[in-house]
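Quick setup: one chain, the form predicted alone, written in C-alpha cells, and binding and motion questions come after.
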C-alpha cells in the first residue's frame, strides 16, 4: 500500500500546481484586458485602426465605401453651410486659357476661260512661341517638330521653299496666288546672331534636302547669291542688312511623289481628314502645272504687334487641263479633279472652307455651280475685288444628307474675255553658234495710263560670261536708264553673276533688257551625263508694286481668306506682285564624247590581243608528240600482246 499512497500524493501535488498556474494566467489576462479597455476609452481612433487590421478584406472594402459616402456627405454639408453663410466678396471666374496654336485650311477654285481649272490649297499653322529666346521648345502640338528644330538650330528668321513642275502661263491663266519658278527655289533670312552665314546656309540646305527628299544638297556657292534689294522679309521687321539673306534656285529639279509625301506629313491631319484627302499624287502630277511650297515667318497677332507668332503656311497650286484630263465636256467637280470627295473637315482645324471664284460670272450665265450655297464672300486679290461662293466644312449642313460634298462647275458658254494681267514678263536666248549669245528679257506694262517701277533680279551661271558693257534697256524704242543697278561679277567655279536693276515701266509698253555673253569651255568632268540636252539658267525675278484698281486693305490683322493675306500690303493704291520668267536652256561647247569611247574600245582590243598572245607564249608548256603508228602496226602489236610477245 505504501507505493500506492506515494503515487496518489504525487498526483494530487501535480494537479494542485497546474490549477494554481491556470488561475495566475487568467488573472494576468484579465488585467491586460482591463488596461486595453482603458486604452480604448482614452484613444478610440487607435482602437478603430486595430480593429480594421484584424478584420477581413471584404469588411475593409465595405468600410472604405462607407467612409467615401460619409466624406461626400460631409462635403455636401460643408457646401450647404457655405451657401448659407454670406460671402464677403465674390471673385470672378478665371478665363479658360486659349490654345497658343491654331490651324486653318482653305481651297480656292477658279474656273479659267480656256476651260482649264485652277485649284489652290492653303494650310496655315500659327504658334505663339519664341524659338529665339534660348529656351528649348519640347512640346509640339500642331506645328511640325522637324521644322521647329530647324528654326531653332539654324537661327532662321524666315524660310521660303517651293517645288514646281511646269510653267505658269500668265497670259492664259492670270496671276497666281503664290508665284513660284520652275524647279526648286529657296531663300532664307537668318538672325543677326549668326556669325558664319555661308556655313549655316550649307548645313541648312543639307537638312532641308533630307526633310523634303529633294536635291537641295546640290545648292552651293556656284548657284547661291546674296541679293541687295530683292526679297525683302515678308514677316515682321524690315531688316535691311542683306548679309543675312541667301537665295538659290535649281531649275532642273524634278518634282514627284517623294516630294509630296513629306510635305503632307507636316500637316496636323496628314492625309487622313480635311482637304488633304484630295491630295492624290496620281491626279496632282497628271496636270499642266503643279507647285508646292512651305513658308515660315514671324507675324503679328494684333494691330499693335505686342504679341507675335510663327506662321507656317503650306501652299499647293495645281492647274488641270481640259484636254489632257481625258474629258471632252467643259465641266469640273472635286471627284473629276482629285478622284475623291469631301466628307469632313480636319478635326484640328479652327476654319475649313472652300472658295469658288464666281467674279466673272455673277449672274450664272457662263457656268452653273451646284450645289448652290447662300454664303458669299468678297476679298481683295491682286488689286481686284473678287466674289466667292463659300462652303464651310465645319458646318454639318454643308455636306447634306449624303454626308459628302462634291461641288460641280458646268460651263454654259465659252464666251467672255479674261482681264489681262497688268504685269508679266518673258525671256529667251538669241544668237547663233556656240561661242557668243544674247539674253533678252521682256517686261510688259499693260496699265493704260500708269507707270510703275519694277525690280529685276537676274542670276546667270559663271560659265556664261556676261559682257556687262553691252547691257541695254529700251522702252518704246528709246533708252530707259535704270535708277539703280547692282552687279556682282562671277568667279569661275565659285559664284554666279548677280544683276539687279530698278527700271521704270512706261504705261502700255514693253521694256526690253538685253545683255551679251560668251560661253565657257568646261572641263570634261564638269559636264552632265546628258551634255547635249543643254544647261539650265534660272528664271528672272521681277518684283513690283502695281497700281490697284480698287483701294487695298492695309489691316494685316483683319480676318481675311488665306489666299489674299500672304503678301503684306502697306499702301491702299498698290499691291505687291512677283513675276518669274521662263528658265533658259543654253547649249555649251561640248566635246564629242563618242571619240573617247571609240579610243577606249580600240585600245582595249589591241591590249587584249597583244597581251593575250604574249601571255600564252610565256605560260604555255610545249611537248614533243610522236607520230602515231599505222594501222597495220597497231594490229600487229595487239596480236603480239595476246600472244604475250613484246610489241614492236
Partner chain sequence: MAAPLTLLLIVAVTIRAALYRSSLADLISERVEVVSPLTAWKRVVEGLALLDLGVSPYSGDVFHETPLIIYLFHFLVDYAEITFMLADVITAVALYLTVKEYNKQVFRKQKFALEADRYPLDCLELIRSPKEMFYIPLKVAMFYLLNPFTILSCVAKSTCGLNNAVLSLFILSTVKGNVLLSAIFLSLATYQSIYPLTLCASALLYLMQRQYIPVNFRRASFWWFIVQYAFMYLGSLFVIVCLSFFLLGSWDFLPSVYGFILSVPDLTPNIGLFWYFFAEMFEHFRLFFLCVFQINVFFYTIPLSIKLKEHPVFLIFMQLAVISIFKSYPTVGDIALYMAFLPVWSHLHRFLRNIFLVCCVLLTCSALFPVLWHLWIYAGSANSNFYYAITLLFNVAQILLVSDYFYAFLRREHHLCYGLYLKRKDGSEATLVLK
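Numbering follows the first chain given and starts at 1. Predicted, not measured: the structure shown is a model, and the values here were computed from it. Definition used throughout: the rigid core is the maximal C-alpha set that superposes within 1.5 Å between two forms.
Same protein, other form: the form predicted in complex with the partner chain, not shown, and the subject of what follows.
Using a 4.5 Å cutoff between non-hydrogen atoms, residue 282 does not count as a contact of the partner chain in the model of the complex. Looking at residue 627, you'd find a heavy atom of it within 4.5 angstroms of the partner chain in the model of the complex.
When the partner chain is considered in the model of the complex, residue 436 lines it closely, a heavy atom lying within 4.5 Å.
Mapping the unseen interface onto this chain, residue 518 counts among the residues with a heavy atom inside 4.5 Å of the partner chain in the model of the complex. Heavy atoms within 4.5 Å of the partner chain in the model of the complex are found in one stretch of 197-205, 399-407, 490-498, 103-111, which is 490-498. Applying a 4.5 Å heavy atom cutoff to the partner chain in the model of the complex picks out 465, 466, 467 from 439-467, in order along the sequence.
Comparing the forms between the shown form and the other one on their rigid core, the Cα displacement of residue 589 stays under 2 Å.
In the model of the complex, the CA atoms of residue 520 and residue 599 draw together by 3 angstroms or more relative to this form.
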